[in-house]
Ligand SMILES: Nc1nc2c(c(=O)[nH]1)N[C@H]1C(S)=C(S)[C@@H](COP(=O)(O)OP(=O)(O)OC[C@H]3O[C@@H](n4cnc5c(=O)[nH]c(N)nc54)[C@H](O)[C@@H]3O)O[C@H]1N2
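Shown below, as structure tokens, is a lone chain in the form predicted on its own; questions about how it binds or moves come after it.
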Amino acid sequence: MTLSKDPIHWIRTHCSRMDHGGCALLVGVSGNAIVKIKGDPDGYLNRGYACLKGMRAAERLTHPDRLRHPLRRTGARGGGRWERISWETALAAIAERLLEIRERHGARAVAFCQGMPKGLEHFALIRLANLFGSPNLVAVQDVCHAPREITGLHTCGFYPVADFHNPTSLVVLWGSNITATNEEGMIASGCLRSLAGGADLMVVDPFRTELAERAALWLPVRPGADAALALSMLHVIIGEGLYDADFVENHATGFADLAAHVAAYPPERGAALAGVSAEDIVSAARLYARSRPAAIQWGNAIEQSPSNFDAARALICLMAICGNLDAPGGNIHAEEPPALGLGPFVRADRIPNKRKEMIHAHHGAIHRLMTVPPTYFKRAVLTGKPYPVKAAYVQCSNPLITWANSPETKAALMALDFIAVSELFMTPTAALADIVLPAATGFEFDDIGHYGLGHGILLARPRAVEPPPECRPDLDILTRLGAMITDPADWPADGAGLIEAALAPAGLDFAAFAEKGYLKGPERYYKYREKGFSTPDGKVALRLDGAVKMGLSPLPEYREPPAAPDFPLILTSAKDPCYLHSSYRWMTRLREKSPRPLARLHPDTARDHGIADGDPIRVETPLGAIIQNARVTDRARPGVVVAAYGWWFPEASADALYDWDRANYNMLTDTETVGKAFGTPALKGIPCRIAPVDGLDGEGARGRQ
């Protein structure tokens, strides 16, 4: 919505395409150029807050290295040789190859790959896959969102979202560094408003974050040991009778089994497993149980280990027995505003046996997981099991950097017969494609934010400027490609038609939606008191008997990682507030603020290894090694290496895939062992070792030496 007709026109929109946090922005436009971006003080989620990435986002639109024309590979895959082609030629080539592979190997031999969902394009891609006949939408939900959401659906019937819109007594930031990396719908300003309103703060994080400095209690949990800490807190709460007896009696099942189970996790054992003192475990349990209501803002750090199902289950049990589920100021069931349901939008009716046909179904993954974990996709490509996979269409994603076990990822991409990528810039993954399509970036197309994310809100993202002539929104790309490889009758003329279909139940067209800015579902709490929870018996399953049918434990457990004596340190990672996963490293002003990949070490750890601040160091796990630069800080936990994630180097050469292996965290992560529920590899809590690297300057050097 344009707010004035001054020389600078101010347009109200929300972050999009490269972010999904949900900050409302005021975008100042002169002509067809963005001249200023600032947070919108009327934004429902952010109230004027905007992160550094959002305020610098306009640089993407005019960057000289931005992709501006469709490209076709002319040399060997990864050789960096391309020719410019027309959109008609590019789409025809993609359609021809995908249809050819479907004819030879079946529709499921084509995978459609998405990174972090940013907008409606995620669900349009699922629609394309379903109409094409492929059950395989490959995405990173196994390490982001799905373990919390789907575990919640099985345990209490919904995804428990922290409520920062009502007064709360306690905010628990569990694996969520919210002032540095906002999650979808969980904006730092909401948390800060709760704290300003008098809420206490507890932080569970191996790194002493900015907010840990302000916390009543900071628990520096050992990476990967979240389930052990939560189980020990449950031991204290149940043993001291601090739980909500009325809730447990009337709205939960399996309490006696849970109580007997957590008896094996007294604070002393919890301290040994989680690396937190027994006294702090007792204090944390008492603080959480006595704070009514209390909101746990759980970040995806808890999801990035094979035991994520158990960690999520243990935390939901904490929420439940303390009466904080669907309580205002607790962890709520956010009701959605009127919009087209996901099933009709993605045309789920066209592939009724999808759940049984998806790649991960053959590995016995948890029910309701509707995106294929990357590890299982790669295994199918490399082994042909459970069936051959020969092609991939990729959007909003850079798998070579962001998927675990990057050498395996490269092998899988190289093994595919055909790859098409829609991107903003040439990335290491795009450099391996056969066809690269230049996408429109945020502020250049209309979109809907937060559709299908379970936060009870839809955000209007009207365009601020027009894209370059040959850059197109993913929604438009998908509608055109869809009409070429599926029945054209199932597609509108362009992406605008998909937006209007999604909004139709609200009785709004996009212009009216943009005028409103957002839609919010009804605010109703304690719904279970009238109609129970959306579980088979209407109660929270503290003991989840349905898990047994899926080969999972009905009670949350903690399993210690295997010992690795030659790798005595513990590796974890952290996102950089200047970047979003692997994005933005081409942006000058952000790169100036964060020019190098930094591995943060406690002074004691650094001293024991002869490392000084700024030194290039070799970080090694049983899989491989990379070079990053040491940042010595007492915020890190002794014995833990907090490495940088998402690094590649746009300034390097295309034929070297932009030095994809020099500092890339996923050169260190393995996929040999993954969690049964979600197919998740260990991205946290990995045994590692470090050493100084002689003869290098502070910029570091190529890894895997």
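In case it trips you up, residue 1 is the first one in the sequence shown, and so on. This one's a predicted model, so the numbers in the text were calculated from it and none came from an experiment.
Another form exists, predicted together with the named molecule; not displayed. Remarks below refer to it.
- Annotated contact segment (heavy atom within 4.5 Å of the named molecule in the predicted bound form): 297 to 305, selected among 328 to 336, 124 to 132, 297 to 305, 260 to 268.
- When contacts are defined as a non-hydrogen atom within 4.5 Å, none of D40, T168 and A464 contacts the named molecule in the predicted bound form.
- For the chain shown alone, N666 is a contact residue for the named molecule in the predicted bound form, at least one non-hydrogen atom being within 4.5 angstroms.
- Mapping the unseen interface onto this chain, A180 counts among the residues with a heavy atom inside 4.5 Å of the named molecule in the predicted bound form.
- Although the partner is absent here, G175 lies within 4.5 Å of the named molecule in the predicted bound form, judged by heavy atoms.
- Among heavy atoms of R347, none comes within 4.5 Å of the named molecule in the predicted bound form.
- G224 is the sole member of G224, P147, P373, P160 with a non-hydrogen atom within 4.5 Å of the named molecule in the predicted bound form.
- Residue-level contacts in the predicted bound form: of F207, Y451, Y528, F247, one residue has a heavy atom within 4.5 Å of the named molecule, and it is F207.
- Scanning 494 to 522 for heavy atoms within 4.5 Å of the named molecule in the predicted bound form gives no residues at all.
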